[in-house]
Every structure is written in C-alpha cells, then in structure tokens.
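Presented as structure tokens, the chain that follows is alone, the form predicted on its own.
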Amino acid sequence: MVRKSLYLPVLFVLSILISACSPQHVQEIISPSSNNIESAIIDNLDADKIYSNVKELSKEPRVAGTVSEKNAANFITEELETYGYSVESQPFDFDHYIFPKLVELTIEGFDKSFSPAPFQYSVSGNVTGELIYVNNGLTSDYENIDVRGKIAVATISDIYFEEMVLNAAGAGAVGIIINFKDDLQNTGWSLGKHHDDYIPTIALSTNEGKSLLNLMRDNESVTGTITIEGADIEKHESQNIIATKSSKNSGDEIVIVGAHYDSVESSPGASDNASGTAVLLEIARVLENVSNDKELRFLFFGAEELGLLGSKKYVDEMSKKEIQRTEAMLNMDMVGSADAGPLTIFTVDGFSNKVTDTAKTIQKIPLDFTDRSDHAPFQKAGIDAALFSYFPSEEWYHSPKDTIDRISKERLNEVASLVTNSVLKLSAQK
C-alpha cells in the first residue's frame, strides 16, 4: 500500500498525462488497477532522454575551470529550468597547476643521464646539493641524518607524497628525489594540493632509482642538481549547480542526490561522469511535480576530478543545522558503461547505512567501500551517504575512449530506477 505522503496532487497527475508517451500509457498510470504511485514515477523515467543528455555532455572533455566545463554547467542549468526549477550556482576558486616545461636531474662528475618526472604541484627551482638517502622519508628517518642544504633521496612507502616532501623540507633539505619500487611507474603522480613549504620534487622509475642508489653506495659523496622550470599555480573557477525542491515545512529533513559533471583532460567523459549527470537530470525531471514531505536537493558538482573540490566546497558551506537535517546523500558516478562490472553501492567505510539499507530493499546490490567520489565529504560530515557505480570500472576509464558508443541505455535506466525509488522511500520515512 502506498504511503500517504507519496500520493501525488492533481497537478502532477495532469503533468503525467501531458508527458506520457501514449493514451494507453496514461490509462495504465491513472487506472485503479495500476501498481502504485512509485511505479508510475519510475515508469516515467526516459532512458532515451538520459542517453541523449549523455551524448550532449560528452561532445568534448569538461576539464574543471575550462570553458567546456562552464558550457556543461550552462546546459545543466537550462535543462533544470525547463523542468521548472529555480537554479543556483555556487562558484569556487581552485589552484590550477601548470606542469613544468623542463625537468632535469644531473649528477656531478658522472655522465649517466636520468629521465625524472615531476609531481603535480611541485615547485620550480634549481637546487644543488649532496644526495642523502633517507629511507622512506618518514619523520623518524631524519632523526640521525643531517640533510640541511642537501637533496634527500627517498623510496616510496605507505605515507602520502605530500608528507614525504614536507618532512624533507622541514628537516632542511633543498630538494627531494622519490624513487619508485616494484612495478610502479613515475608518471601521473600528485602531491595533492599546493603548499607554500614544498621544495623541488622529482620522481625516478624503479630502474633509475636503483641505479642512483647504487651510484650513491659506490661513491663516498654524490652531488646532484634538480632543475624544474615553468611550474606555476593559476587561480581557476569552477561551480556547483544546485536545484532545490522545498518541502511543505522549511525545517523538514533533507535528501540529497548528486553527481559530478567535470571530466579529466582528453577524455569526453561519457561514463565518467556524463552518465551520472544525465541520470540526475532525469531524476530531477520526474520528481519535479511530486508532493514531498522532505526537502530534495539535486547537486551537480564541479572539479570532482581534482580532488572532490565541488562536494567539499558544498559541505564546507553547510551549516551545522543543515547537516543535522540532511538524512541521506545518494551519489552517482560512472553509471552507464556497458563494459564495467555489476552495479555496486559504496560507502566510505564499507559499512551499511540508511542509503544502502534502503536500496537493498529494492534491489540486491553488493556493498563495497571507497572515498574516491562525492559521497565522501558528506559521509565524513556525519551524513548517511553512498555511491552508486558499476564496478570494476571499464578498462578505458579516464581515456579518450570514454565515448557515447560505450554507454548502455539499459544500465542508465537501471540506476535511474534504483536511485529514484530509493529517494522516494527515503523521503517518505519518518
């Protein structure tokens, strides 16, 4: 039996009559023999429209801070406005890193050449000093080693690169070389964010790192020079797009549904994450005329690929009262790939919560853990939050092959149905 709070007002029934595909479909929706109002709403989801919006959004990469990301934000805004929403933009600045034009490592008195790679957010500089091995670059590794005015050489371990660099800088080193081990490669790595205390930092591959350590072992003293030119930080702007569907009472609980709309460079981002964005647009469309006892917020996050910047910004701006009122946050990321694994639900810690429990009453779905999407800032703030995604991810994740032809309408519709149904149940719970 349908809960009273989910019955639709006359206006919503009329809107379904207008938007339905055929008179027969209208009759099914309003007939006393039809299932219930939840089923009518789910049936109104349009997989073709979702797919069309994925196609539109994935015409080009939507890198945070670029014109293409802004164009995507405008597209989302216009779509929401056609559904009847008043739309808010939440702009925010972030540090955009300019990668260096020159990265070199030279060793005094030796002809051997190296091919170092920079870390994102490493600073420019030209520093010369004696090379000193500092094991894994932990704070304790510097207790009996003097690296003042010297270049630290460390092998990666379980601590963050940022911590390794700041430990070396705090001990007085003028630069640091980070050696990779096993089969890890020295490309695509980051210090996480800009920091004023960083020193010039470079990475060496496994083989080159071993070669350098052998050189240091066989010689009493080895002096090197790190040269990094052209690294810089620019201020760029991104934005979150927010559509709110108020409840009858201003102090009611809040249910949030979110997805990020930016992509990585050179990737059209059809799966990551035009798919989640398009599904969220469709959920907002079908729920626009639903009578709701809880406030619904539809959040489209910018700059997720740079470290969840949009969702972190949103959570940081929430008041304590808003956080307390927020009952659930449902996030969608990579929800259309035909080549990924099964639909999975993730929490930061891998434990169930109100969102996962609700979804599992609708569909059997495995539970896993990750903090690598926009649900994470909400859950860390104390809100029950979860990510819906197909997992394991497709092999062409974050590549130019992330195109519309690899997207499944059936999968888009599956997650749209599950999340919509979950939102309806969550918004009905007392």
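Note that residue numbering begins at 1 and tracks the sequence as displayed. All values reported here derive from a predicted model rather than from experimental measurement.
One more form of this protein should be noted, the form predicted together with a small molecule, which is absent from this view; the next part is about it.
Proximity to the small molecule in the model of the complex holds for all of 260, 308 and 334, with the criterion being a heavy atom within 4.5 Å. The closest non-hydrogen atom of residue 397 lies within 4.5 Å of the small molecule in the model of the complex.
Contact annotation for residue 49: none of its heavy atoms lies within 4.5 Å of the small molecule in the model of the complex. Contact check for residue 380: no non-hydrogen atom falls within 4.5 Å of the small molecule in the model of the complex.
Interface residue remark: residue 403 is not counted as part of the site for the small molecule in the model of the complex, having no heavy atom within 4.5 Å. None of 189-197, 298-306, 150-158, 76-84 except one has non-hydrogen atoms within 4.5 angstroms of the small molecule in the model of the complex; the exception is 298-306.
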